[in-house]
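Below you will find one chain, with nothing else, as structure tokens; this is the form predicted alone, and questions on how it binds or moves follow later.
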Amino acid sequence: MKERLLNCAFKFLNSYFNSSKFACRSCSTKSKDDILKYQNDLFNAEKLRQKENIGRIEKIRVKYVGHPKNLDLIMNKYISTPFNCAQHMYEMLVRRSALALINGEKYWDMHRPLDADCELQLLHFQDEYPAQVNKAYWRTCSFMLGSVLSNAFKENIEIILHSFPKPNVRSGSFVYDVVIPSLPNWKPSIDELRILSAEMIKLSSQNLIVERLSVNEELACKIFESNKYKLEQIPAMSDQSLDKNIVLYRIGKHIDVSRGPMVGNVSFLGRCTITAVHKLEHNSENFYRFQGVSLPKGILLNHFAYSVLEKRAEKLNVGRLPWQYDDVFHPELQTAEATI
């Protein structure tokens, strides 16, 4: 792992010293749009490559178990997703299904292709035991917050996304940790927090699917070559992955790394408030922990009860700090047996 970390670091330094940014920081720094285009070109090319490598289409049998009745489906291996299965059954399942459960033991993204015969359950927020759907929702909220933060500040203010701890609904808030080099003592106003909250709702209204793509470590390093923190995390994530691959997620043009799973669409986000930004003291880096609280669409709560949640979410979330990597990626925790 140490050797791979050095390789990733070398790629970052090499791209930095060979860039015009090093020669003339003010005149030709890569813009956010340039970085996004570069990342998405790589993501799209890999997605197409994997699709073309499928070869001859094989059929798989998917046994759906759940409301309103059990059904057997014949789907396409490595192509059909739980969302496609829902489309073949009932519109109600298409609208409400946020997460899938495969063979009663593995939680599965709605837009992740199925790879074998299986038993399929489609999970939603009104389930009798919604704990795993809630965790996936909390994780997706953090992912969406990263997207919002990437675009909320002016071009001259550099925002470096670091990571977010594994979701813990009991903590009272979802989180994203970022570094803002040019703002050593920033304290956002109430209006600024409201703007961030509004941006989360605006993102939700775009009805974007949450795409998942598994890539090798080398490509992941290439995609995040402009983010030194992601480069530091990728080798550890690869080490803890069963297939040594890195899982990427994308909404719109925003790409991030996460162990997943996530809910299938940003439109599941309902009421949402970005409640606080806490400065985290670590060396000389300007770490900030952004926190928020949210309810899935269709889950109603009166104003007083929601204000209690908002107040709780203002307190510093004591989840894993950004410089603590031991809990970054644990794919074995995605089984139902380990997480229920």
Partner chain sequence: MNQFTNHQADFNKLVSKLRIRILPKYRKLSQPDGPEGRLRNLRQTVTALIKYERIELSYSRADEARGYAERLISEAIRHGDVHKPTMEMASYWLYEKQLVHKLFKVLVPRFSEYQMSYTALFKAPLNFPTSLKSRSVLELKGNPFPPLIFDGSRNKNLIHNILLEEAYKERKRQEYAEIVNKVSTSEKQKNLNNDFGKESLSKAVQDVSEGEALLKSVEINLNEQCTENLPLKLH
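Remember, predicted model here, so these are calculated numbers, not experimental data. Positions refer to the first chain, counted from 1.
The form predicted in complex with its partner chain is left out here; the points below concern that form.
- Shown without its partner, this chain lists Val94, Leu196, Ile209, Leu219 as candidates; in the predicted bound form, only Leu196 has a non-hydrogen atom within 4.5 angstroms of its partner chain.
- The single contact residue among Leu48, Ile57, Ala305, Val65, judged by any heavy atom lying within 4.5 Å of its partner chain in the predicted bound form, is Ala305.
- Across the options 98-106, 247-255, 135-143, 228-236, residues that bring heavy atoms within 4.5 Å of its partner chain in the predicted bound form belong to 135-143.
- Among heavy atoms of Ser205, none comes within 4.5 Å of its partner chain in the predicted bound form.
- Its partner chain in the predicted bound form comes within 4.5 Å of no heavy atom belonging to Asn185.
- Not displayed here, its partner chain is kept clear of Cys272 by more than 4.5 Å at the level of heavy atoms in the predicted bound form.
- Under a 4.5 angstroms non-hydrogen atom cutoff, its partner chain in the predicted bound form lacks Glu119 among its neighbouring residues.
- No residue in the set Asn44, Ala86 and Leu213 has a non-hydrogen atom no more than 4.5 Å from its partner chain in the predicted bound form.
- In sequence order, Phe125, Gln126, Asp127, Glu128, Tyr129, Pro130, Asn134, Tyr137, Trp138 are the residues of 116-140 having a heavy atom within 4.5 Å of its partner chain in the predicted bound form; the partner itself is omitted from this view.
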